[in-house]
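Just the one chain here, the form predicted alone, laid out as structure tokens.
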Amino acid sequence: MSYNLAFIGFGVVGQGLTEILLDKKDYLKERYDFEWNIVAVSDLHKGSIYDPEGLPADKLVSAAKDDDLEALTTPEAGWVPFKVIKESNADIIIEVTYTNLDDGEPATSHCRAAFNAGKHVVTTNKGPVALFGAELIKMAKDKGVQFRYEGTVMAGTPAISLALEGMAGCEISKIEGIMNGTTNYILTQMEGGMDYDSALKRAQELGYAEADPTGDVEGYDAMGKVLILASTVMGAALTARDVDCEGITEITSEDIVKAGEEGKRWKLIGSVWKEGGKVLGRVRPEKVELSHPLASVMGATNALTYTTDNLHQVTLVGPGAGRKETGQSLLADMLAVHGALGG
């Protein structure tokens, strides 16, 4: 089966997926009977182009690096995202615009428009799933289309599909983990002797942290992932007001040393759990015993521990960010759409 693809947003992740699709084109056809054709790309900064017959994927990546997609000769240019979603011949909308955890826009409206147009959506955008996950999941089901969002929690590491498919039949009572690689990297560097400011600066130099690191270091990014896990795995529509959230900015070098003396290690832990018939969420720095599965997860790596009835504790460790690592989640989601359609 062949699918027409339209990208809404074409930054690092979208380009990473395109590179994977090019690299694995023959493999995807042979192994999965999955063929693809990129027909549209609409990016706020790089431009917008559409060709119903297909765009040259290799040239797309090159043009994107020059921030000028419209340098390519195409039948149509300048289409806004909603026109692409509604009027292009795309089967799958790849929504990879910037994450907005305040109101989920514009990505949430992109998803709704796609569902109304009868198109499937795959996304790595945390905003829509964190804030409107239950609503969007139901809307997609009602419209008879697929909505996939694996990359919203641990990039290409399959956190959501493990819970929903790999552990199907298990009752999950708690999920806790290292959901933000930036803070884990900073805490690792502090344990190695750096102070907080130096560790943050190093994380920014390596591209782990943004110029404004507030979303990471204050715990908001992890909180978004707690909301996603609560909605998609636990079936609870929590809001940001329901989640106690504390970042790592108050952790000092002295705190790091003291934890080591106690046989413990600081981690920023996001948790969602069932208690008294309710689902609760929290993000906070915690001192974990060195024997805990999460204690050995260092650097920018992410990890989640699921507490279940049948399997007891299951810990998943893997990359939570990266160009191709996050692109892989979109590929896995598209193959899941393909499988759901009988491919």
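Since the structure is predicted, the reported quantities are computational estimates derived from the model, not experimental observations. Numbers for residues come from their place in the sequence shown, where the first is 1.
The discussion below concerns the form predicted together with a further copy of the same chain, not included here.
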Counting only non-hydrogen atoms, which stretch in 57 to 65, 277 to 285, 22 to 30, 38 to 46 is within 4.5 Å of a further copy of the same chain in the model of the complex?
-> 22 to 30
Identify which of 161, 253, 214, 249 has a heavy atom within 4.5 Å of a further copy of the same chain in the model of the complex; exactly one of them does.
-> 161
Find the only residue in 233, 140, 131, 259 having a heavy atom within 4.5 Å of a further copy of the same chain in the model of the complex.
-> 233
In the model of the complex, does residue 205 have a heavy atom within 4.5 Å of a further copy of the same chain?
-> no
In the model of the complex, does residue 106 have a heavy atom within 4.5 Å of a further copy of the same chain?
-> no
Using 4.5 Å between non-hydrogen atoms, is residue 102 touching a further copy of the same chain in the model of the complex?
-> no
Report whether the minimum heavy atom distance between residue 263 and a further copy of the same chain in the model of the complex is within 4.5 Å.
-> no
Can we say 199, 218 and 240 each have a non-hydrogen atom within 4.5 Å of a further copy of the same chain in the model of the complex?
-> no
Could you list which residues of 302 to 320 come within 4.5 Å of a further copy of the same chain in the model of the complex, counting heavy atoms only?
-> 309, 310, 311, 313, 314, 315, 316, 317, 318, 319
